[in-house]
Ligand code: AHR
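Have a look below at one chain only, the form predicted alone, in structure tokens format.
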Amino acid sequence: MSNRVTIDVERVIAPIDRNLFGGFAEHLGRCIYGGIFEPDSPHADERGLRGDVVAAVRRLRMPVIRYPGGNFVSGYRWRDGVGPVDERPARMELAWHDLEPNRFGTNEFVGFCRALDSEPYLAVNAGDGDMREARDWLEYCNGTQNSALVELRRQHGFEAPHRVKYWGIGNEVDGPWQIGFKTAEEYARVYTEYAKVMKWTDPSIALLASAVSLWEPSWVERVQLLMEHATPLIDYLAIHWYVGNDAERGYRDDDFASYMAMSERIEDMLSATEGIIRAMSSALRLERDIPIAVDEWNVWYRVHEEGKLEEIYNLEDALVIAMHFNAFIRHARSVKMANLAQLVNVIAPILTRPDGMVLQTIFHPFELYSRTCGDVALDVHWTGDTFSTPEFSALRLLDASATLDAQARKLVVYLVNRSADRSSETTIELHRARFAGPVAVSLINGPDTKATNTFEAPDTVSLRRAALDASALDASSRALHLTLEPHSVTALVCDLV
């Protein structure tokens, strides 16, 4: 099997926003309680945060983390989660049919983010809440004048403002499952009024509009109406999706090739969203771009509410996570934020139990891309072997992207070999640059596509590092030859001259 990847280092797509490597934490199952926050754990610090979880999330270098939902936020009262812990009320929670003790709230979450050097991103209640509640939360967090809400924050032990930059108005308001579901026109008006008072309260914030989570024909109208009503107040248009290797989501059940063709669905959703934004920008004669935030995305299809969404991930899921990052890099011109849902236990890269934790298969591609990604995306051309599914014909076997750190002259090439059983002979060919020497190789793989990491065998799917020596290069130092393992993710980190 033979493939050629051609990279011209001057064919730049766009700068890459580090917010592509964001996360998400919701009050759901064991994400917060028993995951992030577990005061009785031997791993807990003085704030009740699990130190082992903080250390693991820190490895992912997440620049921004969304909170507190998710569906949860559409019934959330932020005042319940601030002030003396013993005085906070427990509430019946309707999104996930649970009892919320409110022992972890705004100030605890901001402290968690600061421990990670991450920016907090708060979603406000646009379900059964109102705009006064939303702008009050903003003033509580960011206010500097001697108002009652700022004084309340100070009484709670936080003299300095939190300076929360990112605020989302509602969650999945297009979904009938949501508390406070809204039609396209209703949400366009609600967003406009919420955004108006929030920008008046703190003009420095960035606001995210909940655009699409239900990918049915009406989504186009939703984006259109949002932009018609509220374009000056929209800093990001937020979209959500989850994918899986199952028939329920419209694909052949447990079909590896069809699962690997998920790249086409990802491309379709991103390209279509870019298209409607571009069309509306032209119609409205906008002088600025409105970026996309994929602020909920992941693999999720095996477990649902009764299992509190504790998905066990395998190697093929890790390949799909890598394909997402390849797509985000290829669409770097428009995608400026993405938030993996979620951090811990709930459809998450990290699983905990009282005596420890395990890093799931999907942890490794996230860490690999986050820690190696350059600052600009390159326009990569690749050809070679193909595969077909009942839905698609002649898809390229490799899924690829590349980034460049122009100042350091460091190229990173990301390659997903989507064959279940065959190695792939691959040539990387450079234009207007040469390889400067040995190439560092990072490889994610396991014994088979269904391999998982467990507490008993935590490294079944892992990341291995190696180096390609000079024999892999041709005489001109412009071409590199290597063999990609079946069902693998490979990153090549290359110094250039």
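Keep in mind that what you see is a predicted model, and the values were worked out from it rather than measured. Residue numbers run from 1 along the displayed sequence.
Separately, the form predicted in complex with this ligand exists; it is not shown, and the next lines address it.
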Are all three residues Glu296, Gln342 and Ile347 in contact with this ligand in the predicted complex, where contact means a non-hydrogen atom within 4.5 Å? yes
Among Phe158, Trp96, Trp215, Trp382, just one has a heavy atom within 4.5 Å of this ligand in the predicted complex, namely Trp96
Of Trp300, Trp219, Phe256, Phe387, the only residue with a heavy atom within 4.5 Å of this ligand in the predicted complex is Trp300
Would Gly29 sit within 4.5 Å of this ligand in the predicted complex, counting heavy atoms only? no
Does this ligand get within 4.5 angstroms of any non-hydrogen atom of Thr231 in the predicted complex? no
With the cut-off set at 4.5 Å between non-hydrogen atoms, does His364 touch this ligand in the predicted complex? no
Does any part of Trp200 reach within 4.5 Å of this ligand in the predicted complex? Heavy atoms only, please. no
Which of these stretches, 148-156, 164-172, 120-128, 396-404, has heavy atoms within 4.5 Å of this ligand in the predicted complex? 164-172
Using the arrangement in the predicted complex, list in sequence order the residues of 50-74 with any heavy atom within 4.5 angstroms of this ligand. Gly70, Asn71
